[in-house]
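Here's a solo chain for you in structure tokens, the form predicted on its own.
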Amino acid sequence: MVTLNSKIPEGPLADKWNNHKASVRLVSPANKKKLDIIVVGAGAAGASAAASLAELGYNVKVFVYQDSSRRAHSIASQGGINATKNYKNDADSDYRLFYDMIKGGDFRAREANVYRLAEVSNNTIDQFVAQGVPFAREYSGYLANRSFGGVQVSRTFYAQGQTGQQCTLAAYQALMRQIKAGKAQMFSRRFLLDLIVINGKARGIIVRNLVSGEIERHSAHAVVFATGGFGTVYYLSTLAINSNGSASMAAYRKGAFMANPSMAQIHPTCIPVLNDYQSKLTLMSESLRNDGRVWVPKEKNEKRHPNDIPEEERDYYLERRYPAFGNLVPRDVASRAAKERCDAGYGVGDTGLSVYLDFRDAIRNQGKDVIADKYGNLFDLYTKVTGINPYIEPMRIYPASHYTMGGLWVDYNLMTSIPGLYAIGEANFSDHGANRLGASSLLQCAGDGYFILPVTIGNYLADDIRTPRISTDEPEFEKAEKEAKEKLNRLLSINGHQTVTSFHKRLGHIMWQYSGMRRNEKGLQKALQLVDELKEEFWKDVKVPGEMNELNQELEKAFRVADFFDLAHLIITDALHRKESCGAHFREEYQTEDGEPLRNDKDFMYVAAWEYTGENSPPKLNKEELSFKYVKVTKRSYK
């Protein structure tokens, strides 16, 4: 077992980041222009990082698989971004945000990283305001705030229901300014095939040009992965269809540890599945639970129109079970509660797999115009997808695969276990433990990109100012390109009978059924077997039409799904190993009498960091023990 060094600075929690910034080595402006940095992904994390690094003077190359980083999935972060401005004067502080995230993550995150994120939250909001993000404002001119799940203060800044889009556009325009100035280059329509490691250090990537099919080599002194999460392993998810885990898997196979991969969040506020032909699901922002009330009928198999069900026959089950937080319980709690009601026969809709999110009382008390100002575009989205007007009748919602708290293991500097490879935003594991609180995703992405990585990466690159530009003729590039081509050609040569999508859909069903909201030993063991059998079938009978040296979207999908099989195996292995319930990881064998998660702090208070040992070898477990000196570890309760 490898001893993981998280490199947490010494000193009091509130002083660690300032002390660290004061002690890191620096790279002079004259030397920064000699250093190349690759950034893979340009959503809220990647674009902010690339813009900041280029502004500092580094040579930055940015790679995205879209035609533009404006299509990054970060634009779908609807509800808001957290910061501790305390405009509402409700006693908010850096410590309260830190504590809410630690508690929300069920005490499975690293204290120092989480506190630092709370520290940079106000800088992050100020940055976006300066870049022109049109946050909602009060009559006084102050930025408006609203609450989110898992907290009892109002600290979430928002731009109606399109906060992610506005923040991503701000980061994108900052990046485009650097591209215009010649300090950064954008390589669009590129898909990462492999990571290059030379003498133990990340030195470049192999990508495929998705338009021409050409395989390209790119080198750098350091590589940054800002490639998002891998929730699409479940097939149906709230993520963009092309979101995937291939970059993380490439890093994992080259020696980067994968931390807590089973910590996958199920979002409670999603439009239910409408038919068997859907390729993704639509998220309804958690912010709606500020004013919407969640309920089901008190009678099973109720078929009446929701507006015809009187108040006394409605079960506002979140308010009943969790009176202190009500409808604003964290996502994992709300998701399991909805599933429990539906499984018990109280679900609504044709399938019985949904619950109501009702704005009747909010519209009556505040007025339709006020609700429209807060959530109008979300209501319009719901109407377009379902044909139902939520101003008139309740929304129907049901949980769906969403965010991944697990990801590449990183230390305090956001460096993976491969020197020179950094992972930021959702691509790493560091800030959310076993469950992410709403509106902390944009905070982490922008905080990592604008204020943390630009400081910590310099400490590493200070050793490289005499290192010449890395040649792409090195044998490691030759070997990686050859292996990538062999994998692509192998996929094309199978010439089977089943589509890539059919395999992905079947994999998603396995993952949702056995490693979704609820898990157990028997089901996870069965899932391992089913995933391995499906993987074997895939490599014998998948049909990938077309050629490699052309635009071939089926080949892209096949490459991603091949990686999803290995990722799914790792997720299930991690879930089997963690014999406790914590946050989004709910093992049915480990729960309290009233159905709440039952942690095992004695045996599992650590980060599980998995190490690749070979194609057909089981992964090796490495542990980063977690200690809590500044919070009291308690039973996580929202009652």
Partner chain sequence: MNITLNIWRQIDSQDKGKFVEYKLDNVSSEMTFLEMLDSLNDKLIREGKDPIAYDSDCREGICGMCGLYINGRPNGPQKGVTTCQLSMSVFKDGEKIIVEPWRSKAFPVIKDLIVDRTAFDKLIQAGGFISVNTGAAPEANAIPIKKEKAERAFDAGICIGCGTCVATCKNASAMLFVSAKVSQFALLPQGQVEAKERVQKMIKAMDELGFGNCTNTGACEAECPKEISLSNIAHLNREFYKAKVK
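Numbering follows the first chain given and starts at 1. Note that the coordinates shown come from a computational prediction; the quantities given were computed from them, not determined experimentally.
Only in words, not in the display: the form predicted together with its partner chain, which the text now covers.
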| property | result |
| --- | --- |
| Proximity to its partner chain in the predicted complex, single hit among S335, T238, T156, S287 (heavy atom within 4.5 Å) | T238 |
| Listed residue (S147, S417, Q160, S219) with a non-hydrogen atom within 4.5 angstroms of its partner chain in the predicted complex | Q160 |
| Its partner chain in the predicted complex: contacting segment from 35-43, 62-70, 582-590, 603-611, heavy atom within 4.5 Å | 62-70 |
| 4.5 Å heavy atom contact, T467 and its partner chain in the predicted complex | no |
| Contact of I125 with its partner chain in the predicted complex (heavy atom, 4.5 Å) | yes |
| Non-hydrogen atom contact E554 with its partner chain in the predicted complex at 4.5 angstroms | yes |
| Touches its partner chain in the predicted complex: E55 (any heavy atom, 4.5 Å) | yes |
| Stretch 116-141 - residues with a heavy atom within 4.5 Å of its partner chain in the predicted complex | I125, D126, Q127, V129, A130, Q131, G132, P134, F135, R137, E138, Y139, S140, G141 |
